[in-house]
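Two separate entries follow, structure 1 and structure 2, each one form of the same protein chain as structure tokens.
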Structure 1
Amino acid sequence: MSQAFTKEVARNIFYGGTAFFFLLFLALTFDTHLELPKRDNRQVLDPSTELGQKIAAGKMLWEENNCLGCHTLLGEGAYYAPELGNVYVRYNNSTMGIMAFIKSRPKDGIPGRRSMPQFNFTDEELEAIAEFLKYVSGIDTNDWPPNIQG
């Protein structure tokens, strides 16, 4: 067997591979930072507008009520309840449909089934959550979730 694979050759392969993959990592990071602004819908989220304030209020309600404890949003969260990244599309592009569903939840849930609790939101809070979910549905997620049901 040839003795061509020496410590020096191994070291050069290691350093060369490390440099190559580090440069590849930097290139992919740079590409990601160029692509992300094209996918987000931040132009909608201007905090100086009334719509931007509603979306921010909806996000706060989302966090305060721990919706992520049951639902997923853009693939993150618990898998107990449906994905809500496309709920606006499921309700025929209607914030009124989302608001009506949340408002219609029974007080004590549905016996024998897991179900969403009744949070007793005000109409303004319901509208804020619906606007937040509408905003989230506008983010380009490369067709995630894979089906309309979430």
Structure 2
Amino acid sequence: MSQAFTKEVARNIFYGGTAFFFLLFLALTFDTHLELPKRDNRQVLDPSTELGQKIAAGKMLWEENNCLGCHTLLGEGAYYAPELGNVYVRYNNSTMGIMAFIKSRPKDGIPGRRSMPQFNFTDEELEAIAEFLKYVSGIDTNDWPPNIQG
């Protein structure tokens, strides 16, 4: 590297560049949060409604059973089992189908096939999870995934 480009110049580019682009990132973050209400399906989340409470409980169950350790949700997670961000649509817009699937997993798995555990959820819990997955399918994801298979 040339003589005019000294270590001090490089250092200033580092501190200045980092500060500038971090501030720009903060501005974009701020704007994103202003835009989100139009896209993130938050109207169903209102905690003063029964539906809102159910979805919150569903998300908690989703996390406390580590569903993301096998599945992707909006393309993030593990790649061992089907994408679930659009499973509500894949199941013909039916929460019943989702509930039935989760409920019917055999305790010892299916011989030779990748298996999903039997979680022994109550009907109330199943409904909460299904409502959570329905809520996720209503998020505006710029048309991802490309098709129904996820």
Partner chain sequence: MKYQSQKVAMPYFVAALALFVVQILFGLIIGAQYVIGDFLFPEIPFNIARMVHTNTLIVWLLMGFMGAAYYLIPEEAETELHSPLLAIVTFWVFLVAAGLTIAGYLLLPYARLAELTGNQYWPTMGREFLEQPTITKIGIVVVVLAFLYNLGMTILKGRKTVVGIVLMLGLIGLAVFFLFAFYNPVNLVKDKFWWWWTVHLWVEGVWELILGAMLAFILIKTTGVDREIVEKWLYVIIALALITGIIGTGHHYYWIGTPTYWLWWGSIFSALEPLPFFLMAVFAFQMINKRRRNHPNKVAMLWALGCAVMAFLGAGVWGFMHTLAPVNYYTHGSQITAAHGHLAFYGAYVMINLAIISYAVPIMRGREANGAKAQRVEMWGFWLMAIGMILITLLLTAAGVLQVYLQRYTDAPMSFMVVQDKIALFYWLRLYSGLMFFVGLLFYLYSFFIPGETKASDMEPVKRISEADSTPATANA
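Structure 1's sequence is the ruler for residue numbers, which start at 1. The term rigid core refers to the maximal set of C-alpha atoms that superpose within 1.5 Å between the two forms. Every value quoted in this text rests on a predicted model; they were computed, and no experiment measured them.
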| item | value |
| --- | --- |
| Index of the chain form predicted alone, chosen from the pair | 1 |
| Displaced residue check between the two structures: residue 12, CA, 2 Å or over, core reference | yes |
| Residue 139 C-alpha relocation of at least 2 Å between the two structures, rigid core basis | no |
| Residue 21: CA movement between the two structures [superposed on rigid core, Å] | 7.8 |
